[in-house]
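Read the single chain below, which is given as structure tokens and is the form predicted alone.
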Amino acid sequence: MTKQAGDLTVVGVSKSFGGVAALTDVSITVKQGEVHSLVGENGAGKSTLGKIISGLLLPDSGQIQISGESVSFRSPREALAHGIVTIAQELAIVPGLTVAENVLLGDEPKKVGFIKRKKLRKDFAALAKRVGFEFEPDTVAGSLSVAEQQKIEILRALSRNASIIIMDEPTAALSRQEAEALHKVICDLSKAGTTVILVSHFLSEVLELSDTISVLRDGHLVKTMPAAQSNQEELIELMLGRSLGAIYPTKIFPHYTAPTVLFVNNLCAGGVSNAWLSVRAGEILGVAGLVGSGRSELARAIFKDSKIHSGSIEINGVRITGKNPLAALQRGISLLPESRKELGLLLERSIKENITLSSLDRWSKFGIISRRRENQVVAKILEKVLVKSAGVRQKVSHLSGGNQQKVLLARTLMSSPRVLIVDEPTRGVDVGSKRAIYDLLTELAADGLAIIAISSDLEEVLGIAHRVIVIRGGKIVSELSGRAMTEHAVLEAAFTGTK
């Protein structure tokens, strides 16, 4: 039987990994029924604190109290027994099970040891309706997009009727409409007396939803304050220990005589219909649209990672005739994929191995790699992307999300591309690393690189792009530039297809 938790207090908690402090003497009180947000850069200790509260990690020192009584959780199951459930940043669905089976996993209605399928679907449908998520209960979870899989995680946590829910970046993979639906769920939970501990990089989301905000920096608690008494500028300064300035760098527009590097003519592929676009040297073309609109499908089609039915792709006026990503790479197209962990990085391999993975032929002869040359180029590219690490031999899994993204970006740049496609370039990245990535993209464009930037964050698209195209149903329905590039215009095109 799940207990109903009261106030949760973290008292003097510290935690280290391999001699490196992740948390140092952190004390926070989370009141029952409030939305309490934890903010900070990647590596600040937010997720570590959440894992300690949820039983995934044991603190080195300090204690957790619920309603004034000390508790010690050695597993998430023990935390669940006290009403604590976590929605983790990393998805934990079972791909071969249905949506309903994933949501009610471990809590399925049974009779004589067999799952009552009809009752399972009924319970799932009631929960999905209450939350406002539309799902077919018998859909195989592994066939769904990242955003839809994230919603399964949310429904699973809510099905436990927990009194404390830890949400670690719950809207990172959701569209604006889906995120707004979740915001309503969070507010309703809070009103009903459920405590929500929110970990998020979206400061506007934090300020909108939170009652209280705690800021962490380098494993230390910097400040806890009412959300109503704070703003984005203050939060950024507390997180970084300095003023960030503008979120987005000043745009450097390409010269009007800059040549067209990429030309996509009437392209039809999986999820893409009659796509036409061009990108000039030094230009950042933003791609906007709702989740499922065909943004990532367009990126994969240009990168030759999906079967092209008709149309053509040209680099500097010459058509790419190959049918796979190698042909695109050889002609100067490089892709930073949507999910760095599923589609990009080898997490248990070193920084150096990840960076040089797709370009080893450039410093090898007769199959023998020149380590000296490899080390030189890796050192040079790391200076450019500013990865913070313990050295090039460090495992990528030990890096923060922002530094992992920079490692993947470094690999894409190793091929010296003419066209760089970045799909969700700052997903799961803290505000300081976001600005570093924006600065790098702006610098690359100023050096003449043609860039396509795809993002579900509309503010991000408008903040870095010189021109924006909007995709709906696999078709480019609008192209915006100059003063016409507004949130209203993009959303109107995304929802209605109006140009």
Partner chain sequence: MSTDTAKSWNRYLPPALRSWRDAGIILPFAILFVTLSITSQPFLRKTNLLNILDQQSAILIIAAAGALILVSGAIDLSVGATYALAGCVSAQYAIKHSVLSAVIVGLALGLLVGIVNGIIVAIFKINSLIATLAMSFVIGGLGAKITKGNLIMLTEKPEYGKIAQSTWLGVSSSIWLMVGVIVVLGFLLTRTTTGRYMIASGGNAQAARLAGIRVSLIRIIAFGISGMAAALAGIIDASRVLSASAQLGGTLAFTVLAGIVVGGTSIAGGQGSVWRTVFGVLFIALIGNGFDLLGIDPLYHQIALGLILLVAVGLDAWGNNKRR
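The term rigid core refers to the maximal set of C-alpha atoms that superpose within 1.5 Å between the two forms. Here the structure is a predicted model, which means the values were calculated and not measured. Residue numbers count along the first chain shown, from 1.
Although it is not shown, the form predicted in complex with its partner chain is what the next lines describe.
Enquirer: Which among 296-304, 101-109, 384-392, 225-233 is in contact with its partner chain in the model of the complex, heavy atoms within 4.5 angstroms?
Expert: Result of the contact check: 296-304.
Enquirer: Quick one: is Lys118 in contact with its partner chain in the model of the complex, heavy atoms, 4.5 Å cut-off?
Expert: It does not: once its partner chain is placed as it appears in the model of the complex, Lys118 has no heavy atom within 4.5 Å of it.
Enquirer: Using heavy atoms and a 4.5 Å limit, would one call Pro325 a contact residue for its partner chain in the model of the complex?
Expert: So Pro325 counts as contacting its partner chain.
Enquirer: Does any heavy atom of Thr356 come within 4.5 Å of a heavy atom of its partner chain in the model of the complex?
Expert: Looking in the model of the complex, residue contacts with its partner chain include Thr356, since a heavy atom lies within 4.5 Å.
Enquirer: Spell out, yes or no, whether the shortest heavy atom distance between Arg242 and its partner chain in the model of the complex is within 4.5 Å.
Expert: Because no heavy atom of Arg242 falls inside 4.5 Å of its partner chain in the model of the complex, the answer is no.
Enquirer: Pick from Gly401, Gly286, Gly344, Pro170: which has a non-hydrogen atom within 4.5 Å of its partner chain in the model of the complex?
Expert: Selected residue: Gly344.
Enquirer: Though its partner chain is not shown, can you say which of Gly463, Gly43, Gly33, Gly55 has a heavy atom within 4.5 Å of it in the model of the complex?
Expert: Contact residue from the list: Gly55.
Enquirer: Could you tell me whether the Cα atom of Leu203 shifts by at least 2 Å between the shown form and the other one after core superposition?
Expert: No.
Enquirer: At a 2 Å cut-off on C-alpha positions, does Val377 qualify as shifted between the shown form and the other one after fitting the rigid core?
Expert: Yes, because once the rigid core is superposed, the C-alpha of Val377 moves 2 Å or more between the shown form and the other one.
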